[in-house]
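One chain follows as structure tokens, the form predicted on its own.
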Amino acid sequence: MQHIKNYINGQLLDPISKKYLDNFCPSTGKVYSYIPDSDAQDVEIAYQAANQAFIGWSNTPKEKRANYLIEISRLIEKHLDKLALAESIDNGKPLKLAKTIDIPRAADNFHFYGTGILHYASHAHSMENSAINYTLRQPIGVAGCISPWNLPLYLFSWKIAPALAAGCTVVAKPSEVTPMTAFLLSEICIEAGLPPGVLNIVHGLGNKVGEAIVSHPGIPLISFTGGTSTGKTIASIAAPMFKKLSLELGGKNPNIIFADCDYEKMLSSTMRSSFSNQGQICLCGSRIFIERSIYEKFKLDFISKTKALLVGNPIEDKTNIGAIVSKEHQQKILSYIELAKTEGGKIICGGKAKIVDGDFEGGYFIEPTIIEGLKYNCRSNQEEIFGPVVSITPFDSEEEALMMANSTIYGLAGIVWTENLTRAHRLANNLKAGIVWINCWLLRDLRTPFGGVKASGVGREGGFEGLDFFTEPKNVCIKF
């Protein structure tokens, strides 16, 4: 079986320990490759390579940096089928989803920042004929980038691309649960001729590799996407070291549906926002609030469409729901379904592990699940489950819906369905979230800021905010 390698100083290397971890295929439950069990020694070598490369890369003309990123984007598109298949096998997601969303978006991320850096500008301020101030935006240094398992290459590139465009070098850690496309990106970077040390990818466990990156005194900024509890740990280490932090953390997003919505459009989109990627997207609307006058109709239609979803082999085009990413995560999701029952919830669709015949009988599948009758403030409606599980709750007034929507510690995204323009603007203003979608979901313009409030994170990614994070502003004042 294949042994994934680290990518350090332009080379593919075994971990110093020569130890490897099992990499499981979620749809079969079987080991199909091996991951480097790297540690602080590997991180140190990667840091030294990145630090040595920083001066040259940061002084490389932005046009040349842009060319490298655009070439990486082109090669991702060239290898689309290979990357999509690897993502599906490694993550458990449907192949068609990886082919149409994950891998194209990774290519877009590199292309967007490859072109975006050419238009990145700073400010100048005149002081009434006495002086002028101008702002320099300078790359900070070696960036630590740590990405999650749910959208492996998609979110990995979302961090790496702006860092490289801004002139930083990178020590990156992909999730040990889904390492394959990050490894394939290493091969693409070699093919693109990216200078040695500019990007370094170290595979391994969070408590070894992740902690070594976060605590390294030479890495002045950390970009992390993952769970809120891990974000707290990272902040506790990085904050006393005065590192710059970008933390994109958990979510428990509300989907608020009013009776005046475009019903068919809403229902189709709500299916996606509930169960896309097995519900393993931080932006999924897992708490669905429906105006009482259409609650029963919505419930029947939603159950009918959910029961029609096909759970099974991710490679088959007809499959709607693939495998959960790991056995541990499958058990976590199932434990929340059991918790919901004890909290008064009624399982009106799904609610069990799904047994898929043949080669996939050992896979980590769960039926898409709908729960009714939960109180808005119970644990099942307050804590992030991160799976194909949603709750449905009726509401009688806009004020009640808003209160329930804002009741969690999270504040990543919100979804609102209404044809009332005034109401739409009012709710967009009053929802405590970093992103609000009105009559749509997951419609993303890469120029816009991305991130959450409260326990959903610190800082913003995307657009020029992404470049701002990887640079430091310096004001220069010149007196006439």
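Fair warning: this is a prediction, and the values are worked out from it, not measured in the lab. Sequential numbering from 1, following the sequence displayed.
From this point on, the text means the form predicted in complex with a small molecule, which you will not see here.
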**Prompt:** Quick one: which of 160-168, 380-388, 261-269, 335-343 gets within 4.5 Å of the small molecule in the model of the complex, going by heavy atoms?
**Reply:** 380-388
**Message:** Although the partner isn't part of this model, could you tell me whether residue 211 comes within 4.5 Å of the small molecule in the model of the complex, counting any heavy atom of the residue?
**Reply:** yes
**Asked** Is residue 298 a contact residue for the small molecule in the model of the complex, using a 4.5 Å heavy atom cut-off?
**Response** no
**Message:** Considering non-hydrogen atoms and a 4.5 Å limit, does the small molecule approach residue 412 in the model of the complex?
**Reply:** yes
**Message:** Taking the small molecule as it sits in the model of the complex, is residue 205 near enough to touch it, meaning that at least one heavy atom pair lies within 4.5 angstroms?
**Reply:** yes
**Single option in 374, 117, 194, 146 placed near the small molecule in the model of the complex, where near means a heavy atom within 4.5 Å** = 146
**Of 250, 368, 179, 312, the one that lies within 4.5 Å of the small molecule in the model of the complex (heavy atoms)** = 250
**Item:** Triplet 86, 92 and 183 all within 4.5 Å of the small molecule in the model of the complex via a heavy atom
**Value:** no
